[in-house]
Every structure is written in C-alpha cells, then in structure tokens.
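The form predicted alone is given below as one chain in structure tokens.
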C-alpha cells in the first residue's frame, strides 16, 4: 500500500476534527454554566478592604482584571483591579465597586461580618449592632443579637405580624442602617461558618431555589413558578401535537395516494419546519389570541368585556402555538418509523385475516412506538427551549398565580405563566437586572439543561427498551 494522502483521508480527518471541536465547544459552554450556576448557593467569605484614603469597603471579590497603563516616562505596566460585590443597593446602586489593588492598604476577614438576605432590595453586608423590639433595644453586639435572633427564629413569622421588630446594622465605615425583620429572609455569618455549616447552607439554598417563587425583580429567590409553567405548557403541547402528528404521518405513509395533493402536503410540512419561531408567535397572537380568544370572550364572557378573559396571552395559546411549531418534527419522525416497518409483518397480518386497520393498529403502531417517542423527545426538547413565540403570547417575567390552583375550576388555561427560557432571558439580558441577576440566569440555565437532559434520557431509555422488545418479538415470529 502507498503512503499517499488521499481526499477521502482528508475528509475523514476534517470531519472528525470538526466533530471534536464542536464537542469541546459545547462541553466548555456547559462547564461554564455549571460552574457559575452551582457556585451561586455557596456562601462567600466577606473581606474588609481598607483603602489608602481611609475609606473601608466590605464585600467579596468576584473577579480580577488587568488594565494596561503607560507611565510618565513611557514605560508600560499592568495595573490590576478587583470587582467587589458590596450589597446594599441603596448606597451602591449597581451592587458592586471596582477597587484598584494599588489603593488597598490592608484587608481582613472579620468573623462578625454578616449577610442579611432581604425580601426586597437584595443583600446587605455589615455588622450586627442591636436588636430592636417596638423601638426598644433588647440586645446589643454581635453575639447577643445573633443569639436573640436565633432564639426567636421559630416564632419569627408570628412576631413579625404582631410587633415592629428590626435590627440595626453597622457598615464597614461605621454607618448604621435599620432593617425591618419583615423584610429579612435570613441572616448568616459566612466567615464564622464551618464546612458542615456551608454544606447545609448550600443545600438549603438549592432547595429554596427549586421550591420558592422569585423575588426582588427576579434577582433572588427561586424558580418554582417557572418550572411549573414550563412543565404544564410542555404537557399541554404534547397532548395536542402527538395525536395530530401521528395521524398525519399515518395518512401520508399508509392511506394517502401518491399525487399532487400528497406532494403538496409534504412540501407544506417541510416548509413549516423551516419557518422561524417568531413567525409562529405572530401567527399565534393573531389567530389564537385575537381571533379565537376574542370570539370566546364575546360568546361566553360578554359581561367581562372590554377586559379580556381568553382574548389575551395565556398558557393555552402558547401550548397550541408550540404544537404547530413542533408538528413537523413529530410527523417526520413517525413517518420514518413507518417506512422502516418490514413489509413481511403487514403481509403476515393480512394473511391471517386482519383488516387494514387491524394490521395498522395491532401490528404496525406498536413497532413504531420508538419512533413516536423520538418525535416526542425532539418536540419536548424544542418546546422547552423555545422563547421567542412565548414572549408575545403569554409568558411573563413574573406571574403571582399558577395555572393550576385550588380555586374553581382549578385549571386556568387563560392565565399568563412563567417559563424557564423566558426567565433566563429576563434575568440575563434585560438592562434593569444588571450583573446582579447573572447568577440567577446561570443557575436557571443549568436547571433547564438538566431538565431537558433528564427527559431525553428517560425517553431514550424507554425507546431502547421498546426496540429490543419488538425486535425480539419480530425475530421469534
């Protein structure tokens, strides 16, 4: 054999290199999201920075950047600066400051520094000064205030409603700030935490993220309404798209006669798969919301007009729009599965006296179940990550009410809802959120990736099991 480099070898290595490069890029992106998202719940030590001008800042370092400078003599050098998260947005509107390392005269990690998680206005860093009950100071100093707070923590919700409780914090430079306990979720001292305390804090934060609603303009809190809304919308979409997609594929492959009409339907399905998702959103807004929803309001809810009931964005219209969006995916997947069914299975069924419908229902469809699950997998994955249509049909940044609750009729398909994909867009890209909302965006992105991967893995496992089952049955037959 010669040692010449052929075109086939070059194409093989080029394809393999491109595949490896794509894999590394995707893996790197997922790794960045995982590191940034999982680090959100870990308590960061607070550092007290003493600057050369006498000012003092309390916070924790989030990044370090180098800035090239040119001296008076023309020499080039690099000056480093720290991005320090400061909390207390009343004093630092952005929530952080940049400190040049050359300006820092000293730094330490005081054990008494605490983090106060507020319901509104984010976090505050400082030192516990006193505990106030109805205007009277009942405890003073770090140890006394912390002990008093922890002793009353089990009954804190009742006490908040009955009395005016507050704590007084001292900032690093001595300024005092009064915080009402009605606006306090949690107080902890990260510098005084043991390893076990940090693990418990991390687990509590992760659990709260999954089962609580967002707060403080989606910068903090959890994403339970978004998880619930995403799951409810995907279930509704699947209930709608799967029957229509399966029936359409059965007609195209089993019942349709070749000709201009069948060709036109196939062209329409292929064209529908290439339409941008935002176009589906515009169609859903015009047809489902304004036309169907407006008609339902005029027929069944005239007493509520001009306030719309169904004539506005809601989870039902979002599910129907995404059903149209994912319909071509289901049709193509099921049709390919039907094309792969061996002809001998159909012939054997007909030879035993089964009708065309009985053959299709009892022989063909069970064999095509893996392909049906493939269509479901692809449609769920696309629907869970599609955001553009939802932005104009019913997904909102914050929805205080869930589509399902204990109020009659219990299921409210006309309500707006929260979606994980839209929540990522809202926290990560809107100007009002700023960089303070980026940790929430990373964590929500990681959660969405985990949900999609788990759903796909479960469906793929079920599909593999069905393939083995029906392959064995066909072999025995």
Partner chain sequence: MTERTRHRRMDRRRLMDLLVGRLAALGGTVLILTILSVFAVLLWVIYPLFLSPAEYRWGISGPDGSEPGQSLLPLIFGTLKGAVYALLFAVPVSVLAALYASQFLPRTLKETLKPLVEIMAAVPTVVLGFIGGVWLAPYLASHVFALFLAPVSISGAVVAVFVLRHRAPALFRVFRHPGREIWLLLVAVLAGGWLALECGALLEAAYLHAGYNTWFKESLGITYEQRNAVVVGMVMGLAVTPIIFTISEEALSVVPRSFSEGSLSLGATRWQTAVRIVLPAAGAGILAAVLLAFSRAIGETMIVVFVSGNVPDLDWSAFSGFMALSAGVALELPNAVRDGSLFRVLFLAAFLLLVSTFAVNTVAELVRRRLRRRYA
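The term rigid core refers to the most C-alpha atoms you can superpose between the two forms while keeping them within 1.5 Å. Computed from a predicted structure; not experimentally measured. Residue numbers count along the first chain shown, from 1.
Quick note: we don't show the form predicted in complex with its partner chain, though the next part is all about it.
You can rule out all but one of 260-268, 123-131, 208-216, 140-148: in the model of the complex, only 260-268 has residues with a heavy atom within 4.5 Å of its partner chain.
A residue is said to contact a partner when one of its heavy atoms sits within 4.5 Å of a partner heavy atom; residue 175 fails this definition for its partner chain in the model of the complex, lying far away. Interface residue remark: residue 64 is not counted as part of the site for its partner chain in the model of the complex, having no heavy atom within 4.5 Å. For residue 135, no non-hydrogen atom is located within 4.5 Å of its partner chain in the model of the complex, even though that partner is not displayed. In the model of the complex, at least one heavy atom of residue 274 sits within 4.5 Å of a heavy atom of its partner chain. The listed set 248, 99, 184, 115 contains one residue whose heavy atoms approach its partner chain in the model of the complex to within 4.5 Å, identified as 248.
Distance criterion of 4.5 Å from any heavy atom to its partner chain in the model of the complex singles out 244 from the list 244, 202, 188, 92.
Although the partner is absent from the chain shown here, 286, 324 and 453 each have a heavy atom within 4.5 Å of its partner chain in the model of the complex.
In the model of the complex, its partner chain lies within 4.5 angstroms of at least one heavy atom of each of the following residues of 8-23: 8, 9, 10, 11, 12, 13, 14, 15, 16, 17, 18, 19, 20, 21, 22, 23, in sequence order. A movement of the C-alpha atom of residue 191 falling short of 2 angstroms is seen between the shown form and the other one when the two forms are aligned on their rigid core.
For residue 143, the Cα coordinates differ by under 2 angstroms between the shown form and the other one after the core has been superposed. With the core held fixed, residue 253 shows a CA shift of 2 Å or greater between the shown form and the other one.
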